[in-house]
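Read the single chain below, which is given as structure tokens and is the form predicted alone.
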């Protein structure tokens, strides 16, 4: 199995559930509280590791209990955390999630994730360039993402970019990424225009567009292919997109062709929605094969 190096965010999700959403100035009694490891980078590193890839995390946490919790959660599933720096005077990234009235409200504090800067990447340059695929998201500074794309392009290292949260990407960034995995909404933002199938045809085997329950589409150089998703009993969709990206990277580094890798990632994402939690719901290779 090959090596996936993830450069990205590490968060701790603080989830409060309540029957009522508090209004401004109001206090309500809630039902449950959970502390859950998260962050797109960490989630994708966990998905890749659980599915058999050698998974290395490059990122930052604060000198606090949340940082300890997040790193321990990564180590527990064999993600290599030697390139996770502990930074002082900045807290570990957190998301405050209120689940009430069949919806959620989220406040994200990036914290130490904004310390994942170019200097950090330069320090771990050899590790980044040792990857079979580098996996990126957009929860760290955009200039860091651009630097890694340049670095990997110059050294013929493949990059899988998950453009979330979405921003318009420069033509250079799109060209330097080997694979980009937007959903339909993100596709329109990253291209800076209404996405059409004609736009997709400019990027064969690169734009891998996730469509939720409808599956995944991409242009294979001849046709726009739709790879259907797997039917699943939905319990919790949190982390399904991250599962897809980590699984896609794991399949590609073990040598699967793109279509087979997408089918494998679809299966992993479908499995993940049948369980509660992002990282805890992600399947192992054994679970997926059964």
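Numbering follows the first chain given and starts at 1. Note that this is a predicted model, so its numbers are computed, not measured.
Unshown form predicted in complex with adenosine-5'-triphosphate (ATP); subsequent notes refer to it.
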If the cut-off is 4.5 angstroms on heavy atoms, which of these, 178, 104, 130, 153, is the one near adenosine-5'-triphosphate (ATP) in the predicted complex? 104
Which one of 35, 258, 232, 63 is close to adenosine-5'-triphosphate (ATP) in the predicted complex, taking close to mean a heavy atom within 4.5 Å? 232
Using 4.5 Å between non-hydrogen atoms, is residue 239 touching adenosine-5'-triphosphate (ATP) in the predicted complex? yes
In the predicted complex, residue 80 touching adenosine-5'-triphosphate (ATP) (heavy atom, 4.5 Å): no
Within a 4.5 Å heavy atom cut-off, is residue 210 in contact with adenosine-5'-triphosphate (ATP) in the predicted complex? yes
In the predicted complex, does residue 183 come within 4.5 Å of adenosine-5'-triphosphate (ATP), counting heavy atoms only? yes
Based on heavy atom distances of 4.5 Å or less, which listed stretch (52 to 60, 249 to 257, 24 to 32, 223 to 231) is in contact with adenosine-5'-triphosphate (ATP) in the predicted complex? 223 to 231
Which residues from 254 to 271 come close to adenosine-5'-triphosphate (ATP) in the predicted complex, meaning a heavy atom within 4.5 Å? 266, 269, 270
